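Read the single chain below, which is given as structure tokens and is the form predicted alone.
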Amino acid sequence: MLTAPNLISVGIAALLTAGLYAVMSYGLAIIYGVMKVINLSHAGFLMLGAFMTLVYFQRWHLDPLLGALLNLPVFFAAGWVLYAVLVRRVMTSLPIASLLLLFALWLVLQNVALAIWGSEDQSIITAYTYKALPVLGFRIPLTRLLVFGVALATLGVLHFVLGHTYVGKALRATVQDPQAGVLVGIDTERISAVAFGLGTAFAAFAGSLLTLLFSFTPDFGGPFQLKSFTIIVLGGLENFAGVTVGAAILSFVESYAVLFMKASLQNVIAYALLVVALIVMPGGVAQLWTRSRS
């Protein structure tokens, strides 16, 4: 029923989901912004981050939130190595080369996961999985609150790094004008390696957080990757701040659309938004806002 409490409850859930969506999409935005490469292996690292969190939990009883933090340095190093060994070799080739390479990498990761963990649904049950807290008169699952808090803190750290450190400023400068960056002494090869490492790390980090909310299989990352594409297109492909806006738009549209359609069709919303955004506002919400004011 479309009552005020229901609408408010859905809005709260959408806000909490938006934080996770933003973390899930930042890695994709960073890699595209710096390298102009569409990272089709993003889904594979989302999935692998989830399964590594399961390994930490089963072997060392490590909480998924701590597992997510552990995944950051582990997958940053993995992303750096992958860039050095594979990705940089196709950077000067036609765009289709990097697309095929990263798509193949996704398939390899997926099949490795199938060989190791099988195709059955996996899940992580913690001591707080079924707990809820009262917020503004509503009962909100503790897992969603924790995931939102960790996502918010991580985004805060990322914004600080991008705005107040040399590496962050070099990343932003490379996004804005790669040739000018080279002229002022920025090592674009190193910055590209950092970007791919960060993108990989954030994908695995988001995969870890998703284990608190969903069960997962080796096919886990595909739908979330498509949502990430939608978010960065809505925010503007090279606009890091726009990722947060795109995540909020997708989350709220998805959440309220479920009131009028079957929950099983929720992913269709993301695909429809992606098509609309590419046709109506390929430069994202910021470009649309600029047009409306001119």
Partner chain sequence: MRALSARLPWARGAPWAPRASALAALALGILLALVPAVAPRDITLLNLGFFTFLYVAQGLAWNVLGGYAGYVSFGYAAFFGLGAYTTALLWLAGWPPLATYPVAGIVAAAFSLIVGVPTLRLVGPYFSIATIGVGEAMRVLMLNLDRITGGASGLNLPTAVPSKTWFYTTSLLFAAVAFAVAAWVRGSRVGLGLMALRMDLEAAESLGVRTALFKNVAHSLGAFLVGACGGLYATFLQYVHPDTVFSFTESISLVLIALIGGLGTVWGPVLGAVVFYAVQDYLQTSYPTFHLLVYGVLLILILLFEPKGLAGLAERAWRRMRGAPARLAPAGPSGAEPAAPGRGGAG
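All figures in this text were calculated on a predicted structure; none of them were measured in a lab. Residue numbers count along the first chain shown, from 1.
Below: the form predicted together with the partner chain, not depicted.
Visitor: Report yes if any heavy atom of Pro95 sits within 4.5 Å of a heavy atom of the partner chain in the predicted bound form; otherwise report no.
Guide: Flag for Pro95 set to yes.
Visitor: Is Thr126 a contact residue for the partner chain in the predicted bound form, using a 4.5 Å heavy atom cut-off?
Guide: Output for Thr126 is no: heavy atoms all beyond 4.5 Å of the partner chain.
Visitor: Should Phe229 be counted as a contact of the partner chain in the predicted bound form, where contact means heavy atoms within 4.5 Å?
Guide: Yes, Phe229 sits close enough to the partner chain in the predicted bound form that at least one of its heavy atoms falls within 4.5 Å.
Visitor: Quick one: is Phe240 in contact with the partner chain in the predicted bound form, heavy atoms, 4.5 Å cut-off?
Guide: No, Phe240 is distant from the partner.
Visitor: Sort through 44 to 52, 247 to 255, 57 to 65, 263 to 271 and report the only stretch with a non-hydrogen atom within 4.5 Å of the partner chain in the predicted bound form.
Guide: So the stretch in question is 263 to 271.
Visitor: Decide yes or no: are Leu86, Leu101 and Trp106 jointly within 4.5 Å of the partner chain in the predicted bound form, with each residue judged by its heavy atoms?
Guide: Answer is yes for this spot.
Visitor: Which residue among Asn111, Thr165, Gln176, Ser215 has a heavy atom within 4.5 angstroms of the partner chain in the predicted bound form?
Guide: Only one option qualifies, and that one is Asn111.
Visitor: Between Leu183, Val157, Ala115, Leu136, only one gets a heavy atom within 4.5 angstroms of the partner chain in the predicted bound form; which residue is that?
Guide: Partner contact (heavy atom, 4.5 Å) among the options: Ala115.
Visitor: Listed by sequence position, which residues of 163 to 177 have a non-hydrogen atom within 4.5 angstroms of the partner chain in the predicted bound form?
Guide: Not one residue comes within 4.5 Å of the partner.
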